[in-house]
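There is one chain below, alone, in structure tokens, taken in the form predicted on its own.
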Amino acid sequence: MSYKGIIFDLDGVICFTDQYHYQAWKEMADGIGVYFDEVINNRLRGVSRMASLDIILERSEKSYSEKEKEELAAQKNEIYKKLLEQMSPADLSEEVKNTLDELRNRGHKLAIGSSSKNTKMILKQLGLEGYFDAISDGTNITYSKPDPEVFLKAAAFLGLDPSDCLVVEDALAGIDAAVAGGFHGAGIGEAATHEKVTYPLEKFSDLLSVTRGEKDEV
């Protein structure tokens, strides 16, 4: 099927900042004496910053006020942003960049749909500042995935209906959001196993055949 617009999640699809998130949450959790490891970290994929903090604080013996939670989340984000400064265009794989370029050459409108409030900074570090036709991220949404808001706003920014757009996700919650918004979803990694995913992808460049309609819908 041919799509006028393609909306990409950022982390885990365009690039990988999981380790930076983990390091930042770990430093914050260690600072307040709360146990945190990579197993717990896996529960944070595709989840908003404040919801992630609530998951981490499940192991805390102390109750935190909303103000204290906001301060902890801000502390984590400052650590994370410092780590992001290590990113460069070298962190953008050749496969991803070539695929994006080819999709654009074919006339598709490209957008980002990410719950991250650091989306624009990450894109700048990757050398993709100004590359996408639209960006919907944590700075303009009220609800995180699996709510479809971030994708609906991305489609609106592109001037397209959800039925004309394909969402590319790596998280199960992202496919849930795509389905809830009336989008077809292409899943990579864990998202490829979602029972409602339209196109399970083995690799990012599979998008080139999917958007040509060479693969049957599942």
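All values derive from a computational prediction rather than experimental measurement. Heads up: residue numbers just count along the shown sequence, starting at 1.
Separately, the form predicted in complex with a small molecule exists; it is not shown, and the next lines address it.
- With the partner omitted from this view, the residue of L44, V179, L160, M28 that lies near the small molecule in the predicted bound form is L44 [heavy atom within 4.5 Å].
- Within 4.5 Å of some heavy atom of the small molecule in the predicted bound form lies at least one heavy atom of K117.
- At a distance threshold of 4.5 angstroms between non-hydrogen atoms, D11 is in contact with the small molecule in the predicted bound form.
- Residue contact with the small molecule in the predicted bound form: K109 places no heavy atom within 4.5 Å of it.
- Put simply, H194 is far from the small molecule in the predicted bound form: not one heavy atom of it is within 4.5 Å.
- The partner is not drawn, yet in the predicted bound form one stretch among 75-83, 127-135, 101-109, 88-96 has residues with heavy atoms inside 4.5 Å of the small molecule: 75-83.
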